Ligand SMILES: Cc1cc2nc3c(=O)[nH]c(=O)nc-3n(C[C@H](O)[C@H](O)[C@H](O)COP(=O)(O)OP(=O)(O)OC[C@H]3O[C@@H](n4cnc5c(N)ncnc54)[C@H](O)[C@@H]3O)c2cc1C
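Just one chain follows, in the form predicted on its own, and it is written as structure tokens.
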């Protein structure tokens, strides 16, 4: 039974010219509405890091915008609970087929289903790419080059961090010089201090993690109260998710948001260009006309939608003349080492990853693998940790109770490790259909030897770091986090799905803007890079429109 009484999951809230006020109980804000039979300038599919940013920027530039999201439009103050089971409503739990030699855990692990997308339940870690990663093929010998210079991205990182009021350290030890973060860093938790002690003993730098949780008041958003439960939805609005930043800004600028609206197909005309989207809302299929369509559904739903929109003019799916839609899917290795500390840690308090070490993202000497990894302090919630023990250690009954009895004395380090972009790792359409009659996505994934060498290196280093900090009774777990790739952007139509501005090589009024664009994944959490890239693409689309290159 739900712990919170809410109609958000069953009845669209953003209707009749108003949308929920995410900062106040039961209140509303005015919202523009657009008729379905008049073509809007942009129909945007998804309201996460890509879609909401574009909706806000393009609406502010004077364009008519309708953004669709399959999830609910929540008011965090009244809809979110400190209850792991209740907050599963934030995950994309629709059926997906996961296979290959190393099947990915989907659903709660990496996909969100709410207005604001996955950022509503992300862990708020906001790290920048190492500059060389934007030319990883040319400079480091692996993966694919990005079609953007790191200096340009650095400017958009500045803008993204300011928009989300990132709380970070005065000095960041790695990479080119950068300005001060907008908000001061958070006080370190006991879990973070374990990482600090271990890193110093190992002779590597560490610092407070740049975090999208405000450390001081911001407008109507309250600062972090260190209650924990960040991963499952912030009930105080300290988390600067898209739900409390770019979505309200988009509405204020004149965009319409349609919640509980699942887009199932992009329509194309006789000339092969996009004409609008078919979407399901209030138990019936509807159609919104549009002059241009932007897909921002993330690395599973974006390829799924493009492939499911096949038509006689585009028989293999939209934007797929290269045959690369759905291919090159990446995850982050998310392996961990855990141990028991003599002192009480209570790692569930506060944001879970308040200390980070990027040493192995920036140090190439002594590695036997391409790519890099960051590792961070951890703070899993009880059910999450118990599930990890069962699935990785196989403990049940008395043994599980014994481990959980040590919960308040546990500490852990976990990586965000880069994996290689392999075209055999992919998203396809299965022959099975879901309740709406849409093909269920089929995800195939396997690590390569390089991925395994990176993970082994990381677990060895983190194990020695934890021991140096005083941990005992160590054990290891393995896993994945985040999704990237599937609609690679690039400079060459033969080796990419879209160009540098996210525009399809095949259909000039069809764009993609989300994590599926990533040619490589880097060794850091992807959210900040998705936001920064979306800001860049929004400027390019605005400029295209201004000079008449969008019909």
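Everything numeric here is computed off the predicted structure, so don't read it as measured data. Residue numbers count along the first chain shown, from 1.
Form predicted together with the named molecule: not shown, discussed below.
- The site on this chain is open, since the named molecule, superimposed from its pose in the predicted complex on the surrounding C-alphas, has no atom within 2.4 angstroms of any backbone or C-beta atom.
- Between the named molecule and the residues 503, 482, 57, 63, the one pair within 4.5 Å by heavy atoms in the predicted complex involves 482.
- In terms of contact with the named molecule in the predicted complex, the residue from 309, 136, 444, 110 that brings a heavy atom within 4.5 Å is 110.
- Candidate site formed by 92, 114 and 124: every one of these residues places a non-hydrogen atom within 4.5 angstroms of the named molecule in the predicted complex.
- Within 4.5 Å of some heavy atom of the named molecule in the predicted complex lies at least one heavy atom of residue 49.
- Residue 301 belongs to the set of residues with a heavy atom inside 4.5 Å of the named molecule in the predicted complex.
- The closest heavy atom approach of residue 45 to the named molecule in the predicted complex falls within 4.5 Å.
- Residue contact with the named molecule in the predicted complex: residue 523 places no heavy atom within 4.5 Å of it.
- Residues placing heavy atoms within 4.5 Å of the named molecule in the predicted complex fall in a single listed stretch, namely 526-534, out of 7-15, 21-29, 526-534, 539-547.
- Residues of 364-380 are not found to place any heavy atom within 4.5 Å of the named molecule in the predicted complex.
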